[in-house]
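Here's a solo chain for you in structure tokens, the form predicted alone.
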């Protein structure tokens, strides 16, 4: 277990200095003035299972820092284990909740989960007192939180970022496994009402995930800064002088021979001048990378014969699909990442040369969180469409990030995405993310209508501003914490 040390780099005054954020900061401060006194003398400890990679690890640090500025004693701890099979089990539970995988969970699985939970509970205990509030994120630290809730009698909240709006056997099996660990908690938090299991009905609250508008991943990038990031990360090649030094770790690109090499080989990706469709996600089968590749290939192969579509045909000719994800070696709590990337690599090698040329697979280094975030920011801002072709999606902050940048999103009917994207208003939704023909058709419709794309982008940015920024999220957390400690 690591108690994370956070360095304050930005304040609420900094946010308030931006005209479009001033009111949101004022409303958050007014709410905190009423609610924070109710939490006086209590420590809030958030616990998850990784310090980097994925939306949870990205959200927590700024939440903690702003809660501190608002007057709370808030901290962040990351659990661990020397048993890799524990993270294989929790990844399996993640997939089962999403309706995927073998629903049989054995006594040995429970024994492993209990053993690691006990170890983590023992490591967390010295940092907690009965009057404190423990917030555990997702299934990995859930068991440890249940033990601490029983033994210290503190207040405990389980924040579950995943779920499914259906109830297949796999999902039911996961909830049956997790039920004894979730029941001791005072309250639970989910991202959609459809995700709440029956045994938590009546003591669960909805809080949408949110983005930090001034983070390295979401802040505005002026043209010279954008070009510098692409150059420093190796995603473009330029002899022009760049203000900042090259990043120590560069983006790697899948090559036609199956190896990974420099991102600007065998040719320029074309991020600054080609139309680009981008999906940035963890390497996860549920993210729908392969059907997106197939849908894009079909879109590329169906030019219109009408002379009125000459411009669109040219767009179709030069457009590229960029699939990007973190270097899987750096994500300790997601052992499937390497397997999924290898599957995509093998599939890529079976594609015709023309498809390989226009489908770009990138691995983004994680040695520097700042550099990684800037790379994602630059990729999204260089895109005419950001895709999130998820078969299942707890929420999908990559979609939120693109919407904030006024980039229209091609999403799916996965529950988390339809919490955000209104079809035809903020972007488009495909009904079946496994259907390449539907993906190709929707891509064709989107790219044929540039003015419609711009309108969707503006609507998307307004939606994020009103619903999915960190200030709204913190207001809802303050209300919940005040409620939990008053019970």
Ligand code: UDP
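Everything numeric here is computed off the predicted structure, so don't read it as measured data. Residue numbers count along the first chain shown, from 1.
Only in words, not in the display: the form predicted together with the named molecule, which the text now covers.
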*Of the listed stretches (195-203, 230-238, 261-269, 370-378), which one has a non-hydrogen atom within 4.5 Å of the named molecule in the predicted bound form?*
370-378
*Is residue 401 close enough to the named molecule in the predicted bound form to count, meaning some heavy atom within 4.5 Å?*
yes
*Check whether residue 58 has any heavy atom within 4.5 Å of a heavy atom of the named molecule in the predicted bound form, and answer yes or no.*
yes
_My question is simply whether residue 95 lines the interface with the named molecule in the predicted bound form - judged by any non-hydrogen atom within 4.5 Å._
no
_Residue contact check: residue 281 to the named molecule in the predicted bound form, 4.5 Å heavy atom_ = yes
_Counting any non-hydrogen atom inside 4.5 Å, which residue from 287, 149, 137, 253 sits next to the named molecule in the predicted bound form?_
287
*Contact assignment for the named molecule in the predicted bound form, among 163, 143, 326, 295, heavy atom within 4.5 Å*: 326
*Taking heavy atoms and a 4.5 Å limit, what residues of 382-409 are near the named molecule in the predicted bound form?*
393, 396, 397, 398, 401
